[in-house]
Ligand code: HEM
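Given as structure tokens, the chain that follows is alone and in the form predicted alone.
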Amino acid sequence: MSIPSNPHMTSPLEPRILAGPPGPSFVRRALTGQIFRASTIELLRANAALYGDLVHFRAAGRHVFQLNHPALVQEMLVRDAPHHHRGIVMQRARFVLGDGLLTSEEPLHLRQRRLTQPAFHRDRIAAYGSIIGDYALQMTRTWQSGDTRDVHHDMLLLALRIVSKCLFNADVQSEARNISAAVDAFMGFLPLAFLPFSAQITRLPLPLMRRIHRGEAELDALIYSLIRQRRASDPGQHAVGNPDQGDLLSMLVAAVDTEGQTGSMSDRQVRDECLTLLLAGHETTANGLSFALWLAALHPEWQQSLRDEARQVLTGEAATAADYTRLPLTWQHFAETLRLYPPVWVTARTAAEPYAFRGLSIQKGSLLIAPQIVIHHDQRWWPDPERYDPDRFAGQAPSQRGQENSTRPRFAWFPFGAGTRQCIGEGFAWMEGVLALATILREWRVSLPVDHSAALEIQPRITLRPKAGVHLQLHRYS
């Protein structure tokens, strides 16, 4: 569904804020049954189409402001960031994630980001390239030509192995089933997060909560074991002095916050960061890769171009970081995938204090949402927005991704967020997506199984996921 023009929208570059602002009535939605029928994505898109660039409604007793214009998104995520806490879902995810980068507030968030950032510097990410190439190649060697597979399952395992090896120097393939079950259970918590008493629900012996706590215990056992092993590498030091093994875990264990003068991280702090990056770092990339393979199957002419590029560039057995910038068509394909199917489909903030926004009074506790799933499909920035067209990103080097150009403002496309909370692993995710896709499509053709629908049902949970997997037929080139 594209977002058409409506009376509340003015010029593309300047949003119009009406007194109010307008929005859907809870009573009307309840009486008509829309509140029970419409999905969250349908509601957000309908709001934009009917009410314009800034929409107000109430949900679960909260004021909600939906921002559908890039200029408003920039103000929310950059200018007004000091007025905000994390969105309600991330706030209530602390019962599993603790105070990691996704859930912590300032000043802890800034301190943790500063200590974690070196693991994602360019030279570190370059070192991860060969791991991405090797693991993607290992995966494809288990495939059989002619088989139909759920590639979403494969991408989840691949992304999990890559992030575990790069960030923790551990291969968790044997624990993959338990980790996946924990992630699935955690994703099921989203509908409960908006309830006023969700904090109490987490302590109830409900089947969902038992699954979440069981998964958390299994993940804790894995991560604390890795932390103990890393601490033991230097028995004379509890928190500092461990040799840097080139991964995130060793850096966190050895880190000392000299600027903040708060010392080194406790095991619990290290655990929170590791768990956050393990869960967030593989789920989103796996979803993006799955959607990218689906789109390749739907567009065989582009898939052939991607194969030709991969065969020309990937001259070694496995891809490396040096190949990344030489795969512009693959980057364009992945960028268009993240436009059509953004794994992070909505970004939310909670007002930590009252403040003024475009002449409106934002009350403490109000929820502000910037929906990628709406703005990435707005025809003002993306002509014929439902059409797959990687050439929308032609001529942009990976280092220029997301920059403002003559046809669209900067925040018309923000798959990794923005501001102080922009995804810390963005560069890593781009390299992983491009190198993994090139490795797969160099040797394999993907297509829809016979009599399979060309429509892919999606599921908007904490991330945007394919609802029933992504089933594709695989054909190895001779």
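This structure is a prediction, so every number in the text was calculated from the model and none was measured. Start at 1 and count along the sequence shown; that's the residue number.
Not on display, but discussed next: the form predicted in complex with the named molecule.
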Between Val151, Val73, Ala296, Val163, only one gets a heavy atom within 4.5 angstroms of the named molecule in the predicted complex; which residue is that? Val163
What is the one choice in Ser366, Thr347, Gln332, Gln269 with a heavy atom within 4.5 Å of the named molecule in the predicted complex? Thr347
Is there a heavy atom of Leu43 lying 4.5 Å or less from a heavy atom of the named molecule in the predicted complex? no
Is Arg211 part of the interface with the named molecule in the predicted complex - any heavy atom within 4.5 Å? no
Taking any heavy atom pair closer than or equal to 4.5 Å as contact, tell me whether Gly52 reaches the named molecule in the predicted complex. no
Interface membership of Arg113, the named molecule in the predicted complex, 4.5 Å heavy atom rule: yes
Within 4.5 Å, heavy atoms only, one stretch in 437 to 445, 57 to 65, 44 to 52, 411 to 419 touches the named molecule in the predicted complex. Which? 411 to 419
Are there residues in 444 to 458 with a heavy atom within 4.5 Å of the named molecule in the predicted complex, and which are they, in order? none
